[in-house]
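Starting off, we have a lone chain in the form predicted on its own, written out as C-alpha coordinates.
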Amino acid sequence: MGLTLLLALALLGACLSMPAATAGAMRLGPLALLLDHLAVAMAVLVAAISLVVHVYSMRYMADEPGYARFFALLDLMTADILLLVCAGDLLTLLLAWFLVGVVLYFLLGHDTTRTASGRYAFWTFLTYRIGDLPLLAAALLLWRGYGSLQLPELFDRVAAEPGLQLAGWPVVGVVALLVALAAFARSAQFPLHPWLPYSMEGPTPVSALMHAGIVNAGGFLLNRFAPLFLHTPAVLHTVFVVGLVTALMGSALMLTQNDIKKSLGYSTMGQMGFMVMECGLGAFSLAIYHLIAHGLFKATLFLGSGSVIGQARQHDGVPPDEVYTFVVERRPMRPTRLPWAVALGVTVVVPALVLGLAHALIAADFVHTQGAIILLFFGWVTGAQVFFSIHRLPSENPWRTMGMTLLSFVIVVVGYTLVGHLFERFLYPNRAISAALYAAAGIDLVAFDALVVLLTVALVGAWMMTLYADAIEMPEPASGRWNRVYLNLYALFSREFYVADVYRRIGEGLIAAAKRVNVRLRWV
(Lines give C-alpha, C1' and ligand atoms only; values in the text may rest on other atoms or scores of the structure.)
Protein backbone atom coordinates (compact mmCIF):
# COMPACT_ATOMS: atom_id res chain seq x y z
CA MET A 1 0.00 0.00 0.00
CA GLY A 2 2.95 2.30 0.61
CA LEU A 3 4.16 1.68 -2.94
CA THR A 4 0.64 2.29 -4.24
CA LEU A 5 0.54 5.66 -2.48
CA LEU A 6 3.94 6.60 -3.90
CA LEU A 7 2.75 5.68 -7.40
CA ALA A 8 -0.40 7.81 -6.94
CA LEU A 9 1.70 10.76 -5.78
CA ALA A 10 4.02 10.31 -8.77
CA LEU A 11 1.01 10.38 -11.11
CA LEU A 12 -0.22 13.53 -9.36
CA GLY A 13 3.16 15.18 -9.92
CA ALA A 14 3.09 14.14 -13.57
CA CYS A 15 -0.41 15.63 -14.01
CA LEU A 16 0.68 18.90 -12.42
CA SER A 17 3.68 19.15 -14.75
CA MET A 18 1.59 18.63 -17.90
CA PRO A 19 -0.71 21.17 -19.56
CA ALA A 20 -4.02 21.56 -17.73
CA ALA A 21 -6.24 20.01 -20.41
CA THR A 22 -3.96 16.98 -20.95
CA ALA A 23 -5.08 13.56 -19.74
CA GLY A 24 -3.16 10.29 -19.90
CA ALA A 25 -4.77 7.10 -21.16
CA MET A 26 -3.83 3.44 -20.89
CA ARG A 27 -5.38 0.30 -22.34
CA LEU A 28 -5.30 -3.12 -20.68
CA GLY A 29 -6.96 -5.35 -23.25
CA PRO A 30 -10.66 -4.41 -23.43
CA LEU A 31 -10.29 -2.13 -20.39
CA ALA A 32 -9.16 1.51 -20.53
CA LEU A 33 -7.76 3.78 -17.83
CA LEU A 34 -8.10 7.57 -17.85
CA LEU A 35 -5.50 9.43 -15.76
CA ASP A 36 -6.86 12.96 -15.62
CA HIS A 37 -6.83 15.38 -12.69
CA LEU A 38 -10.02 13.97 -11.19
CA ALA A 39 -8.80 10.36 -11.30
CA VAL A 40 -5.36 11.14 -9.88
CA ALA A 41 -6.74 13.25 -7.02
CA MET A 42 -9.13 10.46 -6.05
CA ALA A 43 -6.36 7.85 -6.36
CA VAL A 44 -4.17 9.76 -3.89
CA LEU A 45 -7.07 9.97 -1.42
CA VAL A 46 -7.92 6.27 -1.71
CA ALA A 47 -4.32 5.10 -1.43
CA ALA A 48 -3.57 7.35 1.56
CA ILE A 49 -6.61 6.32 3.61
CA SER A 50 -6.23 2.68 2.66
CA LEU A 51 -2.62 2.68 3.84
CA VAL A 52 -3.66 4.05 7.25
CA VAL A 53 -6.51 1.53 7.47
CA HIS A 54 -4.14 -1.34 6.64
CA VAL A 55 -1.70 -0.32 9.37
CA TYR A 56 -4.53 0.15 11.86
CA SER A 57 -6.05 -3.25 11.00
CA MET A 58 -2.83 -5.16 11.68
CA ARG A 59 -3.45 -4.92 15.43
CA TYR A 60 -7.18 -4.25 15.48
CA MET A 61 -8.02 -7.49 13.62
CA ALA A 62 -5.23 -9.60 15.16
CA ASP A 63 -7.57 -11.65 17.37
CA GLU A 64 -10.34 -11.98 14.80
CA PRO A 65 -10.90 -15.19 12.82
CA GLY A 66 -10.24 -14.92 9.10
CA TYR A 67 -7.31 -12.51 9.50
CA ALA A 68 -5.73 -13.32 6.12
CA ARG A 69 -9.12 -13.31 4.40
CA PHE A 70 -9.85 -9.83 5.77
CA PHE A 71 -6.62 -8.38 4.36
CA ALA A 72 -7.17 -10.08 1.02
CA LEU A 73 -10.62 -8.48 0.79
CA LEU A 74 -9.22 -5.14 1.95
CA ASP A 75 -6.57 -5.23 -0.79
CA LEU A 76 -9.16 -6.24 -3.37
CA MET A 77 -11.45 -3.38 -2.31
CA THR A 78 -8.64 -0.84 -2.59
CA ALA A 79 -7.69 -2.11 -6.03
CA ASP A 80 -11.30 -2.03 -7.17
CA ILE A 81 -11.85 1.56 -5.97
CA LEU A 82 -8.65 2.64 -7.75
CA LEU A 83 -9.92 0.93 -10.92
CA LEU A 84 -13.25 2.75 -10.52
CA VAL A 85 -11.79 6.24 -10.23
CA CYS A 86 -9.37 5.63 -13.13
CA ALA A 87 -11.89 3.97 -15.46
CA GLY A 88 -11.65 5.40 -18.96
CA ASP A 89 -14.55 3.58 -20.61
CA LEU A 90 -18.05 2.49 -19.69
CA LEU A 91 -17.18 -1.22 -19.53
CA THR A 92 -14.40 -0.68 -16.97
CA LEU A 93 -16.59 1.70 -14.99
CA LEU A 94 -19.47 -0.78 -14.83
CA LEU A 95 -17.18 -3.66 -13.85
CA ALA A 96 -15.55 -1.71 -11.02
CA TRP A 97 -18.88 -0.22 -9.91
CA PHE A 98 -20.41 -3.70 -9.59
CA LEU A 99 -17.42 -5.29 -7.85
CA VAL A 100 -17.38 -2.61 -5.13
CA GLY A 101 -20.76 -3.84 -3.89
CA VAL A 102 -19.72 -7.48 -4.02
CA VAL A 103 -16.47 -7.02 -2.08
CA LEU A 104 -18.15 -4.69 0.42
CA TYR A 105 -20.74 -7.41 1.12
CA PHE A 106 -18.01 -9.83 2.20
CA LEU A 107 -16.17 -7.17 4.21
CA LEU A 108 -19.27 -6.08 6.13
CA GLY A 109 -20.19 -9.71 6.81
CA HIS A 110 -16.64 -10.69 7.77
CA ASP A 111 -17.72 -11.91 11.21
CA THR A 112 -19.94 -14.84 10.21
CA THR A 113 -20.88 -15.54 13.83
CA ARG A 114 -22.95 -12.35 14.11
CA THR A 115 -26.41 -12.45 12.58
CA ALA A 116 -26.72 -8.66 12.47
CA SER A 117 -23.56 -8.13 10.38
CA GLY A 118 -24.69 -10.67 7.78
CA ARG A 119 -28.19 -9.24 7.68
CA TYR A 120 -27.12 -5.64 7.14
CA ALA A 121 -24.36 -6.67 4.72
CA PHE A 122 -27.07 -8.25 2.57
CA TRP A 123 -29.18 -5.08 2.97
CA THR A 124 -26.25 -3.05 1.64
CA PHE A 125 -25.69 -5.53 -1.19
CA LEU A 126 -29.34 -5.29 -2.25
CA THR A 127 -29.29 -1.47 -2.22
CA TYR A 128 -26.12 -1.46 -4.31
CA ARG A 129 -27.68 -3.80 -6.85
CA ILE A 130 -30.64 -1.43 -7.12
CA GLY A 131 -28.15 1.37 -7.79
CA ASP A 132 -26.33 -0.69 -10.42
CA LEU A 133 -29.38 -0.94 -12.69
CA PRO A 134 -29.64 2.79 -13.54
CA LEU A 135 -25.93 3.00 -14.36
CA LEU A 136 -26.17 -0.08 -16.58
CA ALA A 137 -29.16 1.41 -18.39
CA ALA A 138 -27.31 4.71 -18.80
CA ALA A 139 -24.29 2.94 -20.33
CA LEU A 140 -26.50 1.04 -22.78
CA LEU A 141 -28.28 4.23 -23.84
CA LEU A 142 -25.00 6.09 -24.37
CA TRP A 143 -23.54 3.25 -26.41
CA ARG A 144 -26.72 2.85 -28.46
CA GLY A 145 -27.10 6.58 -29.07
CA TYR A 146 -23.51 7.74 -29.58
CA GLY A 147 -21.78 4.50 -30.57
CA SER A 148 -18.77 4.69 -28.25
CA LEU A 149 -17.67 3.29 -24.90
CA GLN A 150 -14.64 5.55 -24.39
CA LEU A 151 -15.53 8.37 -22.00
CA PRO A 152 -13.53 11.24 -23.63
CA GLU A 153 -14.82 10.39 -27.09
CA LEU A 154 -18.33 9.94 -25.72
CA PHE A 155 -18.35 13.38 -24.09
CA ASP A 156 -17.11 14.98 -27.31
CA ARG A 157 -19.98 13.41 -29.24
CA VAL A 158 -22.50 14.53 -26.59
CA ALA A 159 -21.19 18.10 -26.87
CA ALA A 160 -21.53 17.94 -30.65
CA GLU A 161 -25.09 16.52 -30.59
CA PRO A 162 -26.74 17.10 -27.18
CA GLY A 163 -30.31 16.87 -28.53
CA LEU A 164 -30.08 13.26 -29.79
CA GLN A 165 -33.27 11.25 -29.21
CA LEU A 166 -34.08 7.55 -29.15
CA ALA A 167 -37.74 6.50 -29.48
CA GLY A 168 -38.73 10.09 -28.79
CA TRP A 169 -36.75 10.35 -25.54
CA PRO A 170 -33.78 12.70 -25.10
CA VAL A 171 -30.75 10.50 -24.53
CA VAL A 172 -28.72 13.02 -22.54
CA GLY A 173 -31.59 13.92 -20.20
CA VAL A 174 -32.51 10.31 -19.47
CA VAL A 175 -28.87 9.28 -19.00
CA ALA A 176 -28.19 12.19 -16.62
CA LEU A 177 -31.19 11.19 -14.50
CA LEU A 178 -30.08 7.53 -14.45
CA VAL A 179 -26.55 8.54 -13.41
CA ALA A 180 -28.01 10.65 -10.62
CA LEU A 181 -30.12 7.71 -9.39
CA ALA A 182 -27.05 5.48 -9.33
CA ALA A 183 -25.18 8.12 -7.34
CA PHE A 184 -28.10 8.43 -4.90
CA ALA A 185 -27.99 4.72 -4.05
CA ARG A 186 -24.21 4.61 -3.64
CA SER A 187 -23.99 7.81 -1.53
CA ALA A 188 -26.93 7.00 0.77
CA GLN A 189 -29.32 9.69 -0.45
CA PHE A 190 -32.93 9.77 0.71
CA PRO A 191 -34.83 7.45 0.45
CA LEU A 192 -32.05 4.92 -0.34
CA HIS A 193 -30.06 5.76 2.81
CA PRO A 194 -30.95 3.18 5.54
CA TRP A 195 -28.14 0.81 4.57
CA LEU A 196 -25.40 3.27 5.62
CA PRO A 197 -26.04 3.70 9.39
CA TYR A 198 -26.79 -0.01 9.77
CA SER A 199 -23.65 -1.07 7.92
CA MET A 200 -21.73 -0.02 11.05
CA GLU A 201 -22.15 -3.63 12.26
CA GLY A 202 -19.09 -4.44 10.15
CA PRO A 203 -15.49 -4.07 11.36
CA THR A 204 -14.40 -0.53 12.21
CA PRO A 205 -11.57 -0.46 9.58
CA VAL A 206 -14.16 -1.22 6.90
CA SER A 207 -16.26 1.72 8.09
CA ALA A 208 -13.19 3.95 7.79
CA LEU A 209 -12.33 2.67 4.29
CA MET A 210 -15.92 3.22 3.15
CA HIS A 211 -15.27 6.95 3.34
CA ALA A 212 -12.23 6.75 1.08
CA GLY A 213 -14.17 6.02 -2.07
CA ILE A 214 -17.20 3.79 -1.47
CA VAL A 215 -19.77 6.18 0.01
CA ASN A 216 -18.07 9.06 -1.81
CA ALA A 217 -18.46 7.29 -5.14
CA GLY A 218 -21.69 9.15 -5.85
CA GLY A 219 -19.90 12.51 -5.88
CA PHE A 220 -17.18 11.08 -8.10
CA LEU A 221 -19.73 9.63 -10.54
CA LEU A 222 -21.55 12.97 -10.86
CA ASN A 223 -18.25 14.72 -11.58
CA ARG A 224 -17.17 12.09 -14.10
CA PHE A 225 -20.39 12.63 -16.05
CA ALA A 226 -20.44 16.41 -15.50
CA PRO A 227 -20.46 17.14 -19.29
CA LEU A 228 -23.92 15.55 -19.46
CA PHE A 229 -25.38 17.85 -16.79
CA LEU A 230 -24.51 20.91 -18.88
CA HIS A 231 -27.61 20.14 -20.94
CA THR A 232 -29.99 18.96 -18.16
CA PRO A 233 -30.96 21.78 -15.77
CA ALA A 234 -34.02 19.87 -14.51
CA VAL A 235 -31.85 16.95 -13.37
CA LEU A 236 -29.52 19.33 -11.52
CA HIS A 237 -32.52 20.81 -9.69
CA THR A 238 -33.61 17.28 -8.71
CA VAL A 239 -30.11 16.52 -7.48
CA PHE A 240 -30.14 19.69 -5.37
CA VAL A 241 -33.50 18.89 -3.73
CA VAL A 242 -32.54 15.29 -2.93
CA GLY A 243 -29.19 16.41 -1.51
CA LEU A 244 -30.83 19.12 0.61
CA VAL A 245 -33.39 16.71 2.11
CA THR A 246 -30.66 14.14 2.79
CA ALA A 247 -28.37 16.72 4.42
CA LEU A 248 -31.10 17.94 6.77
CA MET A 249 -32.29 14.45 7.65
CA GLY A 250 -28.82 13.01 8.22
CA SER A 251 -27.69 15.95 10.35
CA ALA A 252 -30.84 15.75 12.49
CA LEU A 253 -30.65 11.99 13.03
CA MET A 254 -26.96 12.23 13.89
CA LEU A 255 -27.85 14.29 16.99
CA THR A 256 -30.27 11.70 18.40
CA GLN A 257 -28.11 8.54 18.32
CA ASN A 258 -26.58 6.87 21.37
CA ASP A 259 -24.29 4.62 19.33
CA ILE A 260 -21.12 6.44 18.27
CA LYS A 261 -20.63 4.56 14.99
CA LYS A 262 -24.28 4.94 14.05
CA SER A 263 -24.04 8.64 14.85
CA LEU A 264 -21.00 8.88 12.56
CA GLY A 265 -22.95 6.99 9.90
CA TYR A 266 -25.77 9.52 9.95
CA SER A 267 -23.19 12.30 9.98
CA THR A 268 -21.80 10.81 6.77
CA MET A 269 -25.30 10.73 5.32
CA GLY A 270 -25.67 14.44 6.04
CA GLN A 271 -22.26 15.23 4.54
CA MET A 272 -23.01 13.18 1.43
CA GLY A 273 -26.28 15.08 1.09
CA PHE A 274 -24.40 18.36 1.20
CA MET A 275 -21.91 17.02 -1.37
CA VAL A 276 -24.72 16.02 -3.75
CA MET A 277 -26.40 19.37 -3.12
CA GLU A 278 -23.19 21.12 -4.21
CA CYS A 279 -23.35 19.20 -7.48
CA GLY A 280 -26.97 20.28 -7.89
CA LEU A 281 -25.82 23.90 -7.55
CA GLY A 282 -23.22 23.42 -10.29
CA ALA A 283 -20.27 23.48 -7.84
CA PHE A 284 -18.88 20.13 -8.99
CA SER A 285 -15.30 20.91 -8.02
CA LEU A 286 -16.35 21.96 -4.51
CA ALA A 287 -18.12 18.61 -4.17
CA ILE A 288 -14.83 16.79 -4.83
CA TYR A 289 -12.99 19.07 -2.40
CA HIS A 290 -15.71 18.32 0.17
CA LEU A 291 -15.42 14.61 -0.63
CA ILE A 292 -11.66 14.57 0.02
CA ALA A 293 -11.88 16.62 3.23
CA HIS A 294 -14.75 14.50 4.54
CA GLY A 295 -12.98 11.24 3.68
CA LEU A 296 -9.91 12.29 5.66
CA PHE A 297 -11.60 13.51 8.83
CA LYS A 298 -14.41 10.93 8.93
CA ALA A 299 -11.98 8.00 8.49
CA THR A 300 -9.99 9.47 11.40
CA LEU A 301 -13.14 9.67 13.54
CA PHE A 302 -14.03 6.04 12.83
CA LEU A 303 -10.53 4.82 13.68
CA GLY A 304 -10.68 6.79 16.93
CA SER A 305 -14.22 5.73 17.90
CA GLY A 306 -12.94 2.86 20.06
CA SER A 307 -10.85 5.25 22.15
CA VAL A 308 -13.89 7.50 22.64
CA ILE A 309 -15.92 4.52 23.88
CA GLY A 310 -13.12 3.61 26.30
CA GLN A 311 -12.95 7.14 27.66
CA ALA A 312 -16.73 7.28 28.06
CA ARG A 313 -16.61 4.15 30.22
CA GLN A 314 -14.18 5.89 32.58
CA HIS A 315 -15.75 9.37 32.55
CA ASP A 316 -19.47 9.80 32.06
CA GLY A 317 -19.03 13.32 30.66
CA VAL A 318 -21.90 14.72 32.72
CA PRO A 319 -21.04 18.34 33.59
CA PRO A 320 -20.91 19.24 37.29
CA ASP A 321 -23.62 21.41 38.80
CA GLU A 322 -23.25 25.12 39.49
CA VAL A 323 -22.40 24.66 43.20
CA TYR A 324 -19.49 22.35 42.37
CA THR A 325 -18.28 24.79 39.72
CA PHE A 326 -18.40 27.72 42.15
CA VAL A 327 -16.86 26.00 45.21
CA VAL A 328 -14.23 23.70 43.68
CA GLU A 329 -13.29 25.31 40.35
CA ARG A 330 -13.75 28.90 41.60
CA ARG A 331 -15.89 29.90 38.64
CA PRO A 332 -18.93 32.20 38.83
CA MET A 333 -22.27 30.45 39.12
CA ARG A 334 -23.87 32.66 36.45
CA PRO A 335 -21.34 33.43 33.70
CA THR A 336 -21.78 36.73 31.90
CA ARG A 337 -22.86 37.03 28.29
CA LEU A 338 -22.76 39.67 25.63
CA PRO A 339 -25.81 41.94 25.35
CA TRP A 340 -28.40 40.26 23.18
CA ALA A 341 -28.38 43.04 20.57
CA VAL A 342 -24.58 42.83 20.24
CA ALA A 343 -24.78 39.05 20.01
CA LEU A 344 -27.41 39.33 17.28
CA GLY A 345 -25.24 41.76 15.31
CA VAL A 346 -22.22 39.49 15.61
CA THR A 347 -24.28 36.42 14.69
CA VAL A 348 -25.83 37.95 11.58
CA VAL A 349 -23.29 40.46 10.25
CA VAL A 350 -19.83 39.03 10.97
CA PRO A 351 -20.15 35.72 9.03
CA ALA A 352 -21.65 37.55 6.04
CA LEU A 353 -18.79 40.09 5.99
CA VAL A 354 -16.10 37.43 6.35
CA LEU A 355 -17.55 35.24 3.60
CA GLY A 356 -18.17 38.16 1.24
CA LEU A 357 -14.74 39.71 1.67
CA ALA A 358 -12.95 36.36 1.36
CA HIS A 359 -14.62 35.57 -1.96
CA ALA A 360 -14.31 39.14 -3.21
CA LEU A 361 -10.54 39.09 -2.63
CA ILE A 362 -9.97 35.66 -4.18
CA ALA A 363 -12.57 35.52 -6.97
CA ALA A 364 -14.54 38.69 -7.60
CA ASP A 365 -16.83 37.05 -10.19
CA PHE A 366 -17.85 34.22 -7.85
CA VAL A 367 -21.15 35.84 -6.84
CA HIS A 368 -22.39 36.24 -10.41
CA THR A 369 -24.01 32.78 -10.35
CA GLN A 370 -26.97 31.56 -8.32
CA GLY A 371 -25.21 28.39 -7.19
CA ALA A 372 -22.37 30.41 -5.71
CA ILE A 373 -24.82 32.68 -3.88
CA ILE A 374 -26.59 29.65 -2.37
CA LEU A 375 -23.25 28.24 -1.22
CA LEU A 376 -22.45 31.58 0.40
CA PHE A 377 -25.89 31.55 1.99
CA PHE A 378 -25.30 28.12 3.53
CA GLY A 379 -21.86 29.26 4.66
CA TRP A 380 -23.45 32.30 6.30
CA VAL A 381 -26.06 30.16 8.06
CA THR A 382 -23.38 27.75 9.31
CA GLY A 383 -21.12 30.54 10.53
CA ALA A 384 -23.98 32.42 12.18
CA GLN A 385 -25.08 29.25 13.96
CA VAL A 386 -21.53 28.79 15.26
CA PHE A 387 -21.50 32.31 16.74
CA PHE A 388 -25.02 31.80 18.08
CA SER A 389 -24.03 28.55 19.82
CA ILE A 390 -20.81 30.02 21.23
CA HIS A 391 -22.74 32.95 22.68
CA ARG A 392 -25.12 30.60 24.53
CA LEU A 393 -22.26 28.62 26.11
CA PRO A 394 -21.22 29.70 29.63
CA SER A 395 -18.01 31.74 29.62
CA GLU A 396 -16.11 33.86 32.12
CA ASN A 397 -14.96 36.27 29.39
CA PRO A 398 -17.51 36.29 26.53
CA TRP A 399 -15.62 38.98 24.56
CA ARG A 400 -12.45 36.88 24.47
CA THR A 401 -14.40 33.73 23.57
CA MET A 402 -16.20 35.50 20.73
CA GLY A 403 -12.93 37.04 19.52
CA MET A 404 -11.18 33.63 19.37
CA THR A 405 -14.21 32.22 17.57
CA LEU A 406 -14.04 35.06 15.03
CA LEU A 407 -10.31 34.47 14.45
CA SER A 408 -10.87 30.76 13.91
CA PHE A 409 -13.77 31.44 11.56
CA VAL A 410 -11.70 33.86 9.46
CA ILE A 411 -8.86 31.33 9.14
CA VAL A 412 -11.23 28.53 8.14
CA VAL A 413 -13.19 30.62 5.62
CA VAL A 414 -10.14 32.15 3.95
CA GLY A 415 -8.41 28.77 3.77
CA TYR A 416 -11.51 27.02 2.45
CA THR A 417 -12.16 29.74 -0.13
CA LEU A 418 -8.57 29.83 -1.37
CA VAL A 419 -8.16 26.06 -1.59
CA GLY A 420 -11.63 25.67 -3.09
CA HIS A 421 -10.95 28.09 -5.95
CA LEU A 422 -7.52 26.61 -6.61
CA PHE A 423 -9.06 23.14 -6.63
CA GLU A 424 -11.70 24.28 -9.12
CA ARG A 425 -8.97 25.45 -11.47
CA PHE A 426 -7.19 22.12 -10.97
CA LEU A 427 -10.21 19.95 -11.82
CA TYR A 428 -11.83 22.21 -14.42
CA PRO A 429 -9.08 24.29 -16.02
CA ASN A 430 -11.52 25.29 -18.76
CA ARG A 431 -13.41 28.06 -16.96
CA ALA A 432 -16.16 27.94 -19.58
CA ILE A 433 -17.21 24.47 -18.40
CA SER A 434 -17.49 25.44 -14.73
CA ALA A 435 -19.38 28.62 -15.67
CA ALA A 436 -21.76 26.59 -17.85
CA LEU A 437 -22.41 24.15 -14.98
CA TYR A 438 -23.32 27.03 -12.66
CA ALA A 439 -25.57 28.50 -15.36
CA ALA A 440 -27.32 25.16 -15.94
CA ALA A 441 -28.17 24.95 -12.23
CA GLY A 442 -29.88 28.38 -12.19
CA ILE A 443 -33.62 28.99 -11.68
CA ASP A 444 -35.99 31.91 -12.31
CA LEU A 445 -34.36 35.07 -10.92
CA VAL A 446 -37.50 36.44 -9.21
CA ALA A 447 -38.25 33.14 -7.47
CA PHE A 448 -34.60 32.80 -6.46
CA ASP A 449 -34.44 36.29 -4.89
CA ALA A 450 -37.76 35.79 -3.10
CA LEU A 451 -36.61 32.46 -1.65
CA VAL A 452 -33.32 33.89 -0.38
CA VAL A 453 -35.03 36.91 1.22
CA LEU A 454 -37.72 34.74 2.85
CA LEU A 455 -35.19 32.32 4.37
CA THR A 456 -32.97 35.17 5.55
CA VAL A 457 -35.86 36.92 7.33
CA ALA A 458 -37.00 33.67 8.94
CA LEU A 459 -33.52 32.78 10.24
CA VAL A 460 -32.71 36.25 11.52
CA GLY A 461 -36.10 36.43 13.24
CA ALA A 462 -35.55 33.06 14.93
CA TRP A 463 -32.09 34.06 16.20
CA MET A 464 -33.42 37.42 17.44
CA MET A 465 -36.33 35.87 19.33
CA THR A 466 -34.11 33.24 20.97
CA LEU A 467 -31.43 35.72 22.02
CA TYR A 468 -34.01 38.15 23.40
CA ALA A 469 -35.79 35.38 25.31
CA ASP A 470 -32.48 34.33 26.89
CA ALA A 471 -31.62 37.92 27.80
CA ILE A 472 -34.88 38.58 29.66
CA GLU A 473 -34.94 35.03 31.07
CA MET A 474 -38.35 34.28 29.64
CA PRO A 475 -39.90 31.28 31.40
CA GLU A 476 -40.30 28.06 29.46
CA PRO A 477 -43.78 27.30 28.09
CA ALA A 478 -46.10 25.36 30.32
CA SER A 479 -46.36 21.62 30.03
CA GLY A 480 -49.18 19.90 28.20
CA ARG A 481 -49.48 20.72 24.53
CA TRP A 482 -45.77 21.57 24.14
CA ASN A 483 -44.75 18.35 25.86
CA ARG A 484 -46.82 16.37 23.40
CA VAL A 485 -45.14 18.19 20.53
CA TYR A 486 -41.69 17.40 21.93
CA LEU A 487 -42.61 13.76 22.53
CA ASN A 488 -43.93 13.40 18.99
CA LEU A 489 -40.75 14.95 17.59
CA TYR A 490 -38.64 12.64 19.75
CA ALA A 491 -40.61 9.63 18.51
CA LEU A 492 -40.15 10.78 14.92
CA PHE A 493 -36.39 11.14 15.32
CA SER A 494 -35.90 8.00 17.40
CA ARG A 495 -37.76 5.97 14.75
CA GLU A 496 -35.56 7.60 12.09
CA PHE A 497 -38.52 9.14 10.25
CA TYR A 498 -40.04 5.64 9.94
CA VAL A 499 -38.17 4.99 6.69
CA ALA A 500 -36.83 1.62 7.86
CA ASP A 501 -40.33 0.70 9.11
CA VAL A 502 -41.81 1.47 5.70
CA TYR A 503 -39.23 -0.76 4.02
CA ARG A 504 -39.94 -3.54 6.52
CA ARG A 505 -43.66 -3.32 5.80
CA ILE A 506 -43.00 -3.40 2.06
CA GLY A 507 -40.80 -6.48 2.50
CA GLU A 508 -43.42 -8.24 4.62
CA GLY A 509 -46.08 -7.41 2.04
CA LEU A 510 -43.96 -8.80 -0.80
CA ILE A 511 -43.28 -12.00 1.12
CA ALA A 512 -46.98 -12.44 1.92
CA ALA A 513 -47.89 -11.83 -1.73
CA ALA A 514 -45.27 -14.36 -2.85
CA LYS A 515 -46.74 -16.94 -0.46
CA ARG A 516 -50.23 -16.40 -1.87
CA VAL A 517 -48.92 -16.77 -5.43
CA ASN A 518 -47.08 -19.97 -4.47
CA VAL A 519 -50.23 -21.44 -2.92
CA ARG A 520 -52.44 -20.40 -5.85
CA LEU A 521 -50.05 -21.88 -8.44
CA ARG A 522 -49.45 -24.97 -6.26
CA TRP A 523 -45.67 -24.45 -6.25
CA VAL A 524 -45.53 -25.33 -2.55
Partner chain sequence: MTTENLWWACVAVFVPLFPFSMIFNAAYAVARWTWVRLVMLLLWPQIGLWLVPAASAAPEHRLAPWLSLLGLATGVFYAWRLLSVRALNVWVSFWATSAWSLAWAVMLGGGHGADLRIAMAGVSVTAAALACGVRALADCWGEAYLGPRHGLGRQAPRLAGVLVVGLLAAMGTPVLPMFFVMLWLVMHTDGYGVVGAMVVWLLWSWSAARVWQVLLFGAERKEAIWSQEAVTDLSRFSTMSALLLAIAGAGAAMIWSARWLMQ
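Heads up, when I say rigid core I mean the largest set of C-alphas that superpose within 1.5 Å between the two forms. Positions refer to the first chain, counted from 1. In this text, all values refer to a predicted model and were calculated from it rather than measured experimentally.
A second form of this protein, the form predicted in complex with its partner chain, is not displayed here; the remarks below concern that form.
- With the partner omitted here, the stretch from 483-491, 26-34, 452-460, 51-59 that lies within 4.5 Å of its partner chain by heavy atoms in the predicted complex is 26-34.
- Of the candidates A439, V386, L164, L133, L133 is the one whose heavy atoms come within 4.5 Å of its partner chain in the predicted complex; the others do not.
- Of the residues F426, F409, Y105, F225, just one reaches its partner chain in the predicted complex with a heavy atom at 4.5 Å or closer; this is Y105.
- In the predicted complex, its partner chain sits within 4.5 Å of a heavy atom of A137.
- With a 4.5 Å cutoff on heavy atoms, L192 does not count as touching its partner chain in the predicted complex; it lies far away.
- Its partner chain in the predicted complex is not approached by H231, whose heavy atoms all lie more than 4.5 angstroms from it.
- Contact annotation: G507 falls within 4.5 Å of its partner chain in the predicted complex, judged by heavy atom distances.
- Residues of 121-154 lying near its partner chain in the predicted complex, listed in sequence order, are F122, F125, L126, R129, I130, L133, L136, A137, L140, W143, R144, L149, the criterion being any heavy atom within 4.5 Å.
- Put the two forms on the same core and the Cα of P30 is off by 2 Å or more between the shown form and the other one.
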